[in-house]
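Just the one chain here, the form predicted alone, laid out as structure tokens.
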Amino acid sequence: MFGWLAARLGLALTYDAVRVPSDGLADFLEEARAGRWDGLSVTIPHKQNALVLADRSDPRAARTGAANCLVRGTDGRLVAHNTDMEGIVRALAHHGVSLGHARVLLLGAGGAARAAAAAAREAGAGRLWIANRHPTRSLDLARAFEGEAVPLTSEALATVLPGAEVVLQATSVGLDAPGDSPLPPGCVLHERLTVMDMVYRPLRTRLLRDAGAAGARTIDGLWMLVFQGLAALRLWTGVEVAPDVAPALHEHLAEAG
């Protein structure tokens, strides 16, 4: 993604993947403070610890409780950001969907789900239901973002899905088993829904296939990846890309597999 962006925009940007063990994050961030990197993307399992270990945090990162992007300031201090929120909102907006006043069903209770819950609350969602296979986690997330925890059962969701307008899928279901759905058997989707799955490999998950068959609008996870990446690029470089870059980047990533 960032290699393509550097070539497209003529940026002198290098971007490398580095595997950091769970107990090595603090030392790794010291290397960043010393100038080895100007910015960092942060993935699991480090998102929450990165927020704690950063020198400052953006309000969105603090509200979400996780950081997926760090920026090294001119003083060497690291500022924590969460671009997942912007990625979610802009991916939906690109498809003509707003979370404002919407009735939202969120699947999951991990880091991506926290960003989705925060985005829904910031946008002024009319209602927020949270379902997860671990009831305690969904209850904790619901309390943190003024949502309603619901059991991840077909019986419970049968009372939620008919009134839902947006489904945000923030679990890893479908990532390793493309035939699996995060929804239990018996759940009925409908044509008034917008369904966004944050999993992007495979691009068309079982959930999106089922949603499409029901006539719902579907949004694949690459759109969130693209828009959170563009937000990170802006934080690192100050570059605001033209509107045609996001669709071109999505097409490139989809073709690359």
Ligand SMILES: NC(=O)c1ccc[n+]([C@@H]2O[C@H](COP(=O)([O-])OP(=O)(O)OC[C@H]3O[C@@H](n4cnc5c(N)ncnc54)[C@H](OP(=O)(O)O)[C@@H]3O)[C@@H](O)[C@H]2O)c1
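Please read all numbers here as calculations on a predicted model, not as lab measurements. Residue positions are given as counts along the sequence shown, with the first one as 1.
One more form of this protein, predicted together with this ligand, exists but is not displayed; see below.
- Just one listed stretch, out of 52-60, 31-39, 185-193, 224-232, contacts this ligand in the model of the complex at the 4.5 Å heavy atom level, and that stretch is 224-232.
- Between this ligand and the residues His134, His95, Arg77, Arg103, the one pair within 4.5 Å by heavy atoms in the model of the complex involves His134.
- In the model of the complex, Gly147 stays away from this ligand, with no heavy atom inside 4.5 Å.
- Contact check for Ala177: every heavy atom lies farther than 4.5 Å from this ligand in the model of the complex.
- Residue contact check for Leu99: none of its heavy atoms lie within 4.5 Å of this ligand in the model of the complex.
- Put simply, Ser172 is close to this ligand in the model of the complex: some heavy atom of it is within 4.5 Å.
- Contact annotation for 182-207: residues with any non-hydrogen atom within 4.5 angstroms of this ligand in the model of the complex are Met198, Val199, Tyr200, listed in sequence order.
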